[in-house]
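Single chain ahead, written as C-alpha cells, the form predicted on its own.
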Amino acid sequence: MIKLTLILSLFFISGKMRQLNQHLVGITMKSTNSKSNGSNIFSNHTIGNITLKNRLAVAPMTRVSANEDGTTGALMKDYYQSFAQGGFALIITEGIYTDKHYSQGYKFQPGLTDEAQVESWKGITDAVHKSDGVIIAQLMHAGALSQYNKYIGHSAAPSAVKPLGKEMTFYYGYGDYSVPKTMTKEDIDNVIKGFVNAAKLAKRAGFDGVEIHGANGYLLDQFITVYTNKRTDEYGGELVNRLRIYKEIITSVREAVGQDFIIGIRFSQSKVNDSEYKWPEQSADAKYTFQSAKRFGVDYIHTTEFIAKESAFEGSLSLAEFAKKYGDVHVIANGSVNSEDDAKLLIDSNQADIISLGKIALANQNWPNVIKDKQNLQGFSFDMFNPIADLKTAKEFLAKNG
C-alpha cells in the first residue's frame, strides 16, 4: 500500500511538473562570428537596429504577481531586471492580457489595456534596458482556459467545448474548467482589436517588440486545434481557416506598429491541459503553419515542446527544426533546456537560433553568467511554486535554499 501511494504521488507530481512546464517554458537575427567563452551560445545577433549580446532568452512564464488592476509592481521590476543583470540578452515577459472582455487568464495577471498598465510597465522596460537587456511583451488571450473569468461570468472560445483537464491550483484555480461561450464575429473582431491595441501600448511602454501567444492551449491555439474548433464559418474547418485569426492579428499588428518593431509568434502542439496533442496532419501541418507564419509577416517563430530536441512526430524533425526549414525566419526553441550542452546542441544542430530557458532560469536568474564563469547551477524545485507560483513564494524559497 505504501509503495502504491508513493507511485501515485510521483505520478501526480510528474503530471503537475509537465503541466507547469507548459506554462513556464517560453528573431529575425543575423549572426556574427563573435564568440565568448568558446561557446556559440554567447555569439552576438542583430535584429533590425537591436543587437543581442548572446543567444539566450528567458521564456515567458506566468507569475500571477501583478496588482488586481493588472498594473505591475516592485517585485516584477526586480524580477525582470535580475535576468538582464544575470546575463540574458532577451527577456520575453509572461503572458499579458490584451483586452477587458475575455482575455485575462489568471487572477493577478498583468495587462496592457490602459494607461495605468502602460505606465507601470515603463519602469520595467527601462530597468531591463539599463541592464543591457532586450525585452519583448508576450500578448496572450486565454480563451476557454481562463481561470479568471470564472469569477466574473464565463469565458469565450472558438466553440463551446469544455477544456480537458483541471484548472491549475498554483495559479489560483480549482476544479474543472467551465464551458466557454462560442465567440461571435464581433467577439473575434474584439480579440483582434485587443491584440493591436496591446501591441501599440507595448511600444509606448518601451518594449522592443511583442510575441503573439499562439501556443499552449490558449485562445489562438484553440482555433487551430481540431477538437476545440467546431466552427463552420471562415474560422473553422481546413487549416487555412483555422489559421485565419493568426493572419488577421499579425497583419493588423504589423500595420499598427510599423516594420521596425519586432513581432514574434509562439507555437506548440501540447497544451497546459493536454500534453499529448499532436497536429493531425503532422509534418504537412507543420510545413503549412510555419510557411504561413512567414507570409503573415513575423520576425521570429518561438516553438515550445516538453523536450525541444525531440522529434515532433515519430521519426521526424523537432518542431523547432520544422520552423527553421519552412518558416524562413529565425527560431527560438524552448523545452527542457537546462545545461550549456543542452543549449549548444540545439544551436549546433541548426534546430534553433536562440534558446529560451524556463524553469532552470527561475532557479538561476544569472544562468548565462554562471555558465560563463564555469560555476555550478542550482537545481529547480517545484517547491518554488507551493502553494502559489508567484514571485513572493519563489523569493522566499530561494532565500531559504540559496
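Every value quoted in this text rests on a predicted model; they were computed, and no experiment measured them. Heads up: residue numbers just count along the shown sequence, starting at 1.
There is another form of the same protein, the form predicted in complex with a small molecule; it is not shown, and what comes next is about it.
Contact with the small molecule, judged by heavy atoms within 4.5 Å in the predicted complex, is confined among 92 to 100, 312 to 320, 249 to 257, 276 to 284 to 92 to 100.
With the partner removed from view, the residue among Tyr148, Tyr171, Tyr177, Phe223 that has a non-hydrogen atom within 4.5 Å of the small molecule in the predicted complex turns out to be Tyr171. Using a 4.5 Å cutoff between non-hydrogen atoms, His141 does not count as a contact of the small molecule in the predicted complex.
Although the partner is absent here, Asn334 is a contact residue: one of its heavy atoms lies within 4.5 angstroms of the small molecule in the predicted complex. Contact annotation: Gln104 falls outside 4.5 Å of the small molecule in the predicted complex, judged by heavy atom distances. The closest non-hydrogen atom of Gly70 lies beyond 4.5 Å of the small molecule in the predicted complex.
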